[in-house]
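First, one chain by itself in structure tokens, the form predicted alone.
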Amino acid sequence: MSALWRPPLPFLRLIAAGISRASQHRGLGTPAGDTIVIPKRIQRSPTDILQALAGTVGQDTTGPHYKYSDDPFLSPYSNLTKRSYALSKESGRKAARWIREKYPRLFSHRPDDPLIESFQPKQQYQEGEQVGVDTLVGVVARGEVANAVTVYHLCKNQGVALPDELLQDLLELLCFYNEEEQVDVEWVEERWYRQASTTTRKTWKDNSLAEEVFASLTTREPAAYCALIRGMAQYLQVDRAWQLYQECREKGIPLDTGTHNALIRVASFLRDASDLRWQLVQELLCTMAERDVQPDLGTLNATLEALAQVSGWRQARDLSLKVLMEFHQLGIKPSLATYYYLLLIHCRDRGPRSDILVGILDQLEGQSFTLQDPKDTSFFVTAMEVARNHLKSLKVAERVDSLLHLGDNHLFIGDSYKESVYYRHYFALSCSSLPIDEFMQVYDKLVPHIYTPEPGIMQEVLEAVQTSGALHYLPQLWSDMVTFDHSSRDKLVGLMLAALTHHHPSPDNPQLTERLVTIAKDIWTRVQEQDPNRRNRVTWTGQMLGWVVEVVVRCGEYQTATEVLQEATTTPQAVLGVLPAPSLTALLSAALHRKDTDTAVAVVLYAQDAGHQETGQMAQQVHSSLPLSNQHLAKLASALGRDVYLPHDTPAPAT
């Protein structure tokens, strides 16, 4: 029996009749005379059921994203491994598709019935291949830019006449994509990790195929002018776009709303001064009103974007509110992109404080959004940045985060870069505002599967732990630093060692002492064994080695302290600076306690070479506390002189 077999309609009616009779027999049927009203069919997409099921399941913060293997040894934790794993997995699918498209004859099996065109290999057109109007219609409808260019040239070489309607569709395709093939929507990870272009230079291809198609039209309808002006404005060929606009005004060619919106967005490239830019925007808006071109949400956002580009202008803030009010009177509701531009205008880095974000959240709280503008995905990351840097309010940041995680609003986080920046601001603000124990709850919730702290954020966390004295979190942080590949960063390693020196062993908590000294020894071992050819390597400083000595001596790991001293003595060129006097004093005290004459003398000699003023006092402690051999006395006398460390009645050592 075929998997796609469906029972015939009479069979279904027979089953329905049987169920109806059975329900009436049990007293469940409708009373006599009542009619059954069949509700109208609700149009649903193929994934509505899956979305409904997904809505019943919350986000699992304890496990990796479903695209990764749920295995502790295979799950990525650092930003680099997350990106590499996701793109590598997608690269395998790309390789499979390439083989299928390269050798389509090898794949004759066709399990889909009826035919699903998306599952079939994409046809590649070669020079000399016979094509026609239908071929070009197909590739244009599927949005295949490269194939559309090839087929167009083939049709032109073969003398195929192309109707203006088809040329108009081709022109719109070329102008929208600037004749460049876009990333396939199927490659989700590549699109996720690919940052949106924010270039401010012209990328429009001059003398391109789009201009050739436009010139080849027998009748240039307003739609052709609109497509070309939009494309040039989008890719910042603003001078040519403005010339076409002036040509349309002179010839009385009507332009649609989208074309005016595109020109408003690039007004800042056509004028220099802020007031002249705004004057140009007003002229375009007045032209729309004169020609009865109805504005839309795109017009509102384009106008605010033009003001955001001159946000340093004194009148920009007042004008933005007036624009918002005027469009509100026209019945045009703002989108997230509208509020994004308002934040750019009102919450500048060096501008006066503005609480407009609080008012925006009052309007948006409890709402779920649909995508209406490409810049909608920039609202949440900008709002979190404003909450951190402009308002410095954790309460506002928590309101933004609650709105993001309401319903499907998390889809507006944008791409991987925006997500990382969003959590970076939220994380840093939480670290500086919350008590350390409450912050670590946020840390455990987000790290590492949702957010991997960057080195700068990890630095703030270490400083907060050190300031609050919550040293019991250091083992967890060091483990994460190793996992995130932060253990090769000088500043973070130094901060970790500095925090370890604040621990004073207590018999009440020997386990913490053991775990902290293990961190110090692990740092020492990792740095000593690091690859010399590695680009990012930790370079020992005298202060860092001093911290290692203080920690291991204080916690009873004397042998490690002597190894550190030996490293500093034998290879001083590999250490920046010298060990500080307090660290040497701590090591000397441990050596005197253990009657280790060799180490004690080595400490004194190193202190002398380092130029510490405490050297003479150290030498006297060694002489008065330990029996020194003639060899030891000779070393001290050679380095310090006899009068520095010996009483005057002590005979000189034999030579």
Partner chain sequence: MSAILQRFISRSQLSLWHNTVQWMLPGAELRGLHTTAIANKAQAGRYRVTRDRSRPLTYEMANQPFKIAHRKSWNSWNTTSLLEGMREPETVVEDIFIRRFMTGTWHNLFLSEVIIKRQHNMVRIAGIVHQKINAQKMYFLTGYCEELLSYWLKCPVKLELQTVTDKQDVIYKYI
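Treat the numbers as computed from the prediction; the structure is a model and nothing was measured. Numbering follows the first chain given and starts at 1.
A second form of this protein, the form predicted in complex with the partner chain, is not displayed here; the remarks below concern that form.
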Would you check, heavy atoms only and a 4.5 Å threshold, whether L324 touches the partner chain in the model of the complex? no
Is R97 part of the interface with the partner chain in the model of the complex - any heavy atom within 4.5 Å? yes
Counting only non-hydrogen atoms and a 4.5 angstroms cut-off, does G252 reach the partner chain in the model of the complex? no
Does E186 reach the partner chain in the model of the complex, with heavy atoms at most 4.5 Å apart? yes
Since exactly one of P374, P111, P163, P435 fits, which has a heavy atom within 4.5 Å of the partner chain in the model of the complex? P111
Of E283, D71, D206, E365, the one that lies within 4.5 Å of the partner chain in the model of the complex (heavy atoms): D71
At 4.5 Å between heavy atoms, only one of the stretches 415-423, 166-174, 283-291, 77-85 reaches the partner chain in the model of the complex; which one is it? 77-85
Spell it out for me: taking the partner chain in the model of the complex, does every residue among S91, F107 and I116 have a heavy atom no farther than 4.5 Å from it? yes
